[in-house]
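Next comes just one chain, in structure tokens: the form predicted on its own.
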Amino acid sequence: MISLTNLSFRYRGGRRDALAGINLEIPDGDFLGIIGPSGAGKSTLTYVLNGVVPHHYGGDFYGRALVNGLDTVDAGTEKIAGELGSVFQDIDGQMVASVVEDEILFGMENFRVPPGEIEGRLKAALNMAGIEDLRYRALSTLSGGQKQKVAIAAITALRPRIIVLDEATGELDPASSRQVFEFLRDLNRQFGITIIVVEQKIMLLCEFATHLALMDRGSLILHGTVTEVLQGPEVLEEGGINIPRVTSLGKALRERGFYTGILPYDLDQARTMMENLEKPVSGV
């Protein structure tokens, strides 16, 4: 479990808090999508989770951040990395090897995985990611989606209980983005790995995440299930989030008195909404 209590942080020399009074609990096995405009504090929050803040980015840190019982201020980044793995937007900048196999081996060797376990973990990570056929491929020959899978496989080989991705699909096309999210869903459902994704593609998050968190100006504005968060579309729009089109339709119908149910975020829910429009709002 991740527990953030009265968490605030201001970068050294910053004019305002990058994080301001965050209180949030993320249970084991959750799939959380974090949304918000530029400058909302989303990336800084991920830096707190993996210990980059305050160990590499200094400043004024208040409150407490616990990752599976580890206080991120006291534990240090290497110990936290045993519990939580991170994948960033600049995937090429994160790669350290030239071949898929070496990329996955690098992390295990640096984290001193016992030699007798390395081959088994390597094969398991490749299998989990569905990229066994890429083992000996040069990274330069892979697509964006394939590279993301390699990065996540390298993290899973370390066997963390939590994976955090910061705008990891930002430069990917829709098909590659979906490929990455489907892989994350498999990790979440089959292995119980907690997934935390900072992402601007709201439709993907609505389809794959179980919870959403809206941030703005360093504060946590909304947190709940996807359905719960989308019931406040005005707040999302004020935060610069483009809500799903079917949610916008439901909002417009509700404002005109044609609909009183929950706002939809996918086609099945939209279909149900349209069927309910056939009935008088009064229920008579």
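All residue numbers refer to positions in the sequence shown, first residue = 1. None of the values given here were measured: they were computed from a predicted structure.
What follows is about the form predicted together with a small molecule, which we do not show.
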- Hey, with the small molecule in the predicted complex, do Gly144, Lys149 and Ser177 all fall inside the 4.5 Å heavy atom range? no
- Message: Although the partner isn't part of this model, could you tell me whether Tyr57 comes within 4.5 Å of the small molecule in the predicted complex, counting any heavy atom of the residue?
- Response: yes
- Indicate whether Ile22 is a 4.5 Å heavy atom neighbour of the small molecule in the predicted complex. no
- Would Ala40 sit within 4.5 Å of the small molecule in the predicted complex, counting heavy atoms only? yes
- Task: Evaluate Thr247 for contact with the small molecule in the predicted complex, applying a 4.5 angstroms cut-off between non-hydrogen atoms, and reply yes or no.
- Result: no
- Sole residue of Thr210, Thr77, Gln94, Gln200 within 4.5 Å of the small molecule in the predicted complex, by heavy atom: Gln200
- Residue among Glu117, Asp102, Asp186, Glu167 with a heavy atom within 4.5 Å of the small molecule in the predicted complex: Glu167
- Query: Which single stretch, out of 22-30, 42-50, 60-68, 222-230, brings residue heavy atoms within 4.5 Å of the small molecule in the predicted complex?
  - Reply: 42-50
